[in-house]
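Heads up, the chain below is alone and in the form predicted alone; it's given as structure tokens.
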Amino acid sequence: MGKSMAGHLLKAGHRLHVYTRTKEKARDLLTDGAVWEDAPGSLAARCDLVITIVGMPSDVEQVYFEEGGLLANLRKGTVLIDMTTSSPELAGRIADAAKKKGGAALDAPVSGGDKGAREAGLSIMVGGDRHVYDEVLPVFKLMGRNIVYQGPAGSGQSCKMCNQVVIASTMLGVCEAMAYAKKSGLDPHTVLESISAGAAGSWALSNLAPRMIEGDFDPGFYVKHFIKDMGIASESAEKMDLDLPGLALSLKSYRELAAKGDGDLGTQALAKMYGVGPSK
């Protein structure tokens, strides 16, 4: 996703400096004119705006807080934007640390997957100071179509947790519906024609159910990353004394799927647990 998002900034005429742990992944960007940096701290020392999107909260911690990281090398006035799906608490810590260094930070997780990143059609949920959001909004518009300011630091991440809670239960429903269709002797494709256009319609039903039926479990969004997201949402809910049984069941099911060795498949692979897919 990050490669596509960075590409939109480059095409818009921004001078782009990049760092990834695997340089080869940035090869196309470098060919198109991006400037390579050898460490995250080099970005903070040279850039007015630094955008990160990594895998896990532990990766965010490393990129921002380690000695050679962003915060240790932050210039006064530089804005940091973390677009990783991470914890609201971590987003708040980053924002506080950036302010102490004379900079600013926004948490801006996204929804829309690799397709949304390629097509600059992401939904972007933003937390942080409103005036900083207003300042960098033109940059967000190069990567997404639905950009919404949610509130103070951490609010973007909290909104993304709401998004993942919806998806968690929705994926269970889609899998169960496809399993029911198959078991009852219906053609699942024909079933989708009817229910996708009705009250049951959802992005997952329209985009992932057809892939489930065909046995296409290639990742748009990894099972292992969805487990990470649901884990963050579950921990946050527990701290708020909030019981979310749908989330708990989905998290349990996906952990069982990963335990079978399917953590690197797409989230639609949950259908395997229900016997959905081409008949053998």
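Please read these numbers as outputs of a predicted model, since none were measured by experiment. In case it trips you up, residue 1 is the first one in the sequence shown, and so on.
Only in words, not in the display: the form predicted together with another copy of the chain, which the text now covers.
Going by a heavy atom distance of 4.5 Å, is Pro138 a contact of another copy of the chain in the model of the complex? Heavy-atom contact with another copy of the chain at 4.5 Å: absent for Pro138.
Determine whether any heavy atom of Asp218 comes within 4.5 Å of a heavy atom of another copy of the chain in the model of the complex, and answer yes or no. Close contact is absent here: in the model of the complex, Asp218 is far from another copy of the chain, nothing within 4.5 Å, heavy atoms only.
Would you please decide whether Pro210 lies within 4.5 angstroms of another copy of the chain in the model of the complex, comparing each non-hydrogen atom pair? Contact with another copy of the chain, no.
Any non-hydrogen atom of Glu176 within 4.5 angstroms of another copy of the chain in the model of the complex: Judged by the heavy-atom cut-off of 4.5 Å, Glu176 is in contact with another copy of the chain in the model of the complex.
Could you tell me which one of Arg145, Lys183, Lys99, Lys115 places a heavy atom within 4.5 Å of another copy of the chain in the model of the complex? That would be Lys183.
Answer option from Ala91, Leu74, Ile167, Met83, heavy atom within 4.5 Å of another copy of the chain in the model of the complex: Comparing distances to another copy of the chain in the model of the complex, the residue within 4.5 Å is Ile167.
Triplet Ala34, Gln62 and Tyr222 all within 4.5 Å of another copy of the chain in the model of the complex via a heavy atom: No, none of the three is in contact.
Which is the contacting stretch out of 243-251, 210-218, 65-73, 49-57, given heavy atoms within 4.5 Å of another copy of the chain in the model of the complex? So the stretch in question is 243-251.
Listed by sequence position, which residues of 136-168 have a non-hydrogen atom within 4.5 angstroms of another copy of the chain in the model of the complex? Counting only heavy atoms within 4.5 Å of another copy of the chain in the model of the complex, the contacting residues of 136-168 are Asn146, Val148, Tyr149, Gln150, Ser155, Ser158, Cys159, Met161, Cys162, Asn163, Val165, Val166, Ile167.
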